[in-house]
Ligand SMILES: Cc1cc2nc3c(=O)[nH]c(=O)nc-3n(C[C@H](O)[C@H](O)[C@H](O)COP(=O)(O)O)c2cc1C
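Only one chain is shown below, in structure tokens, and it's the form predicted alone.
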Amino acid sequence: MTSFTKLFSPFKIGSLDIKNRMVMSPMETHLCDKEGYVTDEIIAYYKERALGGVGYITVENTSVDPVGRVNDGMLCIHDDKFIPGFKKLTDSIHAVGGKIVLQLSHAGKEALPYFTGTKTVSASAIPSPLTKEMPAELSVEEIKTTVNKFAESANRAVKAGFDGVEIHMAHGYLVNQFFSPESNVRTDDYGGDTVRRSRFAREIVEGIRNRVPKDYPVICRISADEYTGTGLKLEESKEIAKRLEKAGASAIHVSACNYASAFFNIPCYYLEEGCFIHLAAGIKSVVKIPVLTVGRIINPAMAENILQENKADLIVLGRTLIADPHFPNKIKEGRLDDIRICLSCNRCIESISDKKLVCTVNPYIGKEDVSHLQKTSKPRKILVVGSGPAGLSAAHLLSSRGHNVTLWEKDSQLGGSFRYASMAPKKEPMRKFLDYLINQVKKTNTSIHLNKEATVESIKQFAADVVILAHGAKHVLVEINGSQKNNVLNVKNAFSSADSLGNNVAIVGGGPEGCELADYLASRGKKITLIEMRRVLGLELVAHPRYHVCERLKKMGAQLHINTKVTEIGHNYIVVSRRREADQKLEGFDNIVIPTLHQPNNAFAESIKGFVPEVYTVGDAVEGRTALEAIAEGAEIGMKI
């Protein structure tokens, strides 16, 4: 077993004493109010992570200027009126022995004009790669004003009780826009060579240094490689890091990417774990101040090795701590099997685009005050039917709370349809999470019965006080002319019998299931034709994994047809129809896979309500949905009963 001696060794950044080497990354939550004030929700969210044992917390990007506020989910500190709310937050963290740092940010041209009500600003008049909005080039006088706004905001952070500040100089935001030759084409003292392009950042550091106590941590977060054609690369970022150190930076937090390379910025499960570690190691080789590394670090052993190999001084954990706030404590206590694994699915990133943060595996985001198990005073006899994410989630919570829980699964293995969803390439985190769910249930007193199909009579004989139906959706093959008589497969069949399929496979339906099945079969050397009637493949997937799975399919030579409708299926052929084109016959297929409709499966509930006091239906049985909704529903029932 790995010894985590380095991970739990103390460290120091300026005046900040850190009990271990794990740092919480600044990640938007949209748990503040629309004016950017701290709320009780956001305090509970950060307090839970402090209780979980992280060395220090970095609060999400916080606006130093209303013009640079990217949306109404962004915290603000551009005025003294925000200090009391932040003081309440820092007091709450300090009361449980935690440390807390505030990230100061200005989005520049990535702010949204319709939200801010004013034109965006940047180093140069070059449009945002995301919004395509043309910003106004900041004048020298405006640059000086912005530098002062960062310094004033840092002074407010001190007054609010923060243990340090981090300046957001990464990810295509304003300071990064000055660094990058891609977005800075100025010809004055703030543009041109590396020294001049880094002047804005250096003046911010120097300005803050003049407004905060001696040795107060001033951390700089940079994108050491923007992963674009003409953007920053590591060698130039090394020079920038040395300049920041000279200006008074206490530490360098090394990240990567900008808005143009956003599919790599928050690395999903298609990218390697620890994918930015080499950038931190490069920066560490040229500076004497501490270096922080980030980028899909979800394995405790990897975190320890980074430190042992001197590639960085501190490990920054983002989505890992969203998934499991108690990740540090569980490592320290040797409870690695109890860590709730981050899937790197990026549903969290998607969720903050128009609402508050959610997590597939952690249903308690923003509800931390109710996340701690309350033992029941009235144990009840409960039957859970089905062992997908919803059933496992409900069974674990109910049993942990003291109820007498029995779980029936009709198959020979636990996991339900999630087992098939986790079979596609790069879905190892989902397989690990399924193992986690199963192990958590097995650690309770839940009585588990495999190969046990629920019937009206068997449920009647069992005589439960409560029955929770998590038996999955009703799967009905999509009706296509010829499909009934030509031995087509559904997605589940295809995953189960992949090795016995022929070499040439057609998949009708390019949604998430179709794309991931195509990836699974193509990775096994099969020739794939994927047909989707909509304009986009993998439409229900989060943007990051959707981009990567489509790129993988292209590289493996899959034939991808969009805006294409299948009108007929034959023994080894498909007839497709496209707008304004003659129908086309695609031939030579060894197998054809067509999608199923995930229909509500609640008739069973009606048939048992006459003799079961309480019946609940959760997960896909209610309607087709993702694991996020299924787990959340299971947890909600688990806390309710």
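A quick note: this is a predicted structure, and the numbers were derived from the prediction, not measured. In this text, residue numbers run from 1 along the sequence as written.
The discussion below concerns the form predicted in complex with this ligand, not included here.
Problem - Non-hydrogen atom within 4.5 Å of this ligand in the predicted bound form for each of Gln103, Val294 and Leu357 - result: Spot residues vs this ligand: full contact, yes.
Handout entry: Residue contact check: Ala605 to this ligand in the predicted bound form, 4.5 Å heavy atom
Key = No, Ala605 is distant from the partner.
Exercise for the section: Find out whether any non-hydrogen atom of Ile143 is located within 4.5 angstroms of this ligand in the predicted bound form, and reply yes or no. Expected result: Contact with this ligand, no.
Problem - Partner contact for Gly108 in the predicted bound form: this ligand, 4.5 angstroms, heavy atom - result: Gly108: no contact with this ligand in the predicted bound form.
Exercise for the section: Find out whether any non-hydrogen atom of Asp65 is located within 4.5 angstroms of this ligand in the predicted bound form, and reply yes or no. Expected result: Looking in the predicted bound form, residue contacts with this ligand do not include Asp65, since no heavy atom lies within 4.5 Å.
Practice task
Please determine, with the chain shown alone, which of 264-272, 552-560, 304-312, 122-130 has non-hydrogen atoms within 4.5 Å of this ligand in the predicted bound form.
Solution key: That would be 264-272.
Practice task
Could you work out which of Arg197, Arg319, Lys99, His396 is the residue within 4.5 angstroms of this ligand in the predicted bound form, going by heavy atoms?
Solution key: Exactly one listed residue reaches within 4.5 Å, namely Arg319.
Problem - The single option of Ile289, Ala151, Ile352, Ile480 touching this ligand in the predicted bound form, heavy atom within 4.5 Å - result: Looking at the other structure, the residue within range turns out to be Ile352.
Exercise for the section: For the stretch 523-553, return the residues whose heavy atoms include at least one within 4.5 Å of this ligand in the predicted bound form, in the order they occur. Expected result: Nothing in the stretch sits within 4.5 Å of the partner.
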